[in-house]
Ligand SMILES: Cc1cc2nc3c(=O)[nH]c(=O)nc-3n(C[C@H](O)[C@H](O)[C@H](O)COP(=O)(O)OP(=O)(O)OC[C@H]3O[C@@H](n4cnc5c(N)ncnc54)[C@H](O)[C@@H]3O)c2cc1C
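This document opens with one chain alone, in structure tokens, the form predicted alone.
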Amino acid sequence: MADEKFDAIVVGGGPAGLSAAYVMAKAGMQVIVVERGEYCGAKNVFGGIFFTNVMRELIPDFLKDAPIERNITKRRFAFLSSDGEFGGDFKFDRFNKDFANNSFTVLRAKFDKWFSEKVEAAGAMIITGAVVDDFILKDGKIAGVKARMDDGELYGDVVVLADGVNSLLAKKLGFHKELSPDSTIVGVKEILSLPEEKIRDRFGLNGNEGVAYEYFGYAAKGAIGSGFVYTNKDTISVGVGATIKSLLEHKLNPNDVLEHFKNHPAIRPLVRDSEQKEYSAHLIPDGGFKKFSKLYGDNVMVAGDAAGFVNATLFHEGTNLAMETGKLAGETAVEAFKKKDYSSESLSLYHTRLKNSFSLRDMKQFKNSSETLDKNPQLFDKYPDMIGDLIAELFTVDGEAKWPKERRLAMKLLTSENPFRLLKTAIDMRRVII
């Protein structure tokens, strides 16, 4: 292999890298994927919802044999106070009939392995258990990569970096900005085993229906973050994420935050009698549009988490952004392959494609969300309990007439917080949810 040259090298066998490899291989390019795990999916961690709108474009009939856990038909969004919750949810039967929401729970160890097999069937080569440490340069330009393995010098015309949130290779190129504590999330997650019938009964499910419950407010014990509960076939995925900065300020250990979340009065009934099957932790980029890596250069493109494509707002999208960026990088490489031109100017088509895609448009729309939340910590410690107490009092039947009670509670709210700060917070939140 030392003397063999590939048309393209993909570093990373997650959704972004596999999507890029699939597109290029289907177009007839000689592609090699280098994955550090024992197999694709062995080291990949995410919350639990796999958004499949891009997968439908790549493999329209993927549902025939893809290892899907459950189809998400119901989503709930709730704020946690220290002892309660308030929120709302939605469920549509159309989601179960035509899968229009493209939202499924999957276990990445299974799903990524299945996807990698599709990529190999398309003609790409996948090497696992190999870490890429550096580039091979020729005449000052990237000519390949150096991997920790026998005959580890791999040559290729173009390299797609899809090696995750803290891409060391992108850093070597000066593309990747250092992760900042206020815009980097530490996510911790457990997969808890429960009998399939108990999951159906507990969450009110029929057949292969699934739910996604997302929690804000006091979910991360007052730190800036959120929590989730997602249903799989015979397990549930439970986790929390919070910014590094906020965890340090609150002197919180991520595992302790997860245990607190699982024992919250609103969450405990959902996870009772379960048994821990897996535990994992992961860094999540939350810098958004303002802190993107440089996306391309001579003979190289960056996709997925490595470039910072995660929408950590209310929508919590990541897998579809990874696949979209990987797909567009692959399509750009195909065009460059046809022209035999892998210069920065040629690969700038990648950025043009991104600008016309939902991926970059969505990231731009929510470009202020990370700093907005960082500047409003009261949303995660003071406000949840303050609003929770008001709601609890309002719906306590104690013989007091409603109008005097409503007026008293309104005055209590206005004396508990500066009205102008409340208004400013409400205006700021617009940047996060719409």
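Numbers for residues come from their place in the sequence shown, where the first is 1. Please read all numbers here as calculations on a predicted model, not as lab measurements.
Just so it is clear, the following notes concern the form predicted together with the named molecule, a form of the same protein that is not shown.
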**Prompt:** Even though the named molecule is not shown here, does residue 179 get within 4.5 Å of it in the predicted bound form, heavy atoms only?
**Reply:** no
**Prompt:** Would residue 16 sit within 4.5 Å of the named molecule in the predicted bound form, counting heavy atoms only?
**Reply:** yes
**Message:** So, residue 44 and the named molecule: in the predicted bound form, are they within 4.5 Å at any heavy atom pair?
**Reply:** yes
**Message:** With a cut-off of 4.5 Å between heavy atoms, is residue 305 one of the residues that contacts the named molecule in the predicted bound form?
**Reply:** yes
**Request:** Identify, from the list 216, 292, 230, 342, the residue with a heavy atom within 4.5 Å of the named molecule in the predicted bound form.
**Result:** 230
**Complete:** Residue within 4.5 Å of the named molecule in the predicted bound form by heavy atom, from 222, 187, 156, 288, is 187
**Item:** Stretch in contact in the predicted bound form with the named molecule, which is absent here, among 256-264, 201-209, 86-94, 126-134 (heavy atoms within 4.5 Å)
**Value:** 126-134
**Partner contacts in the predicted bound form for 46-84 (non-hydrogen atom within 4.5 angstroms of the named molecule)** = 46, 47, 48, 49, 51
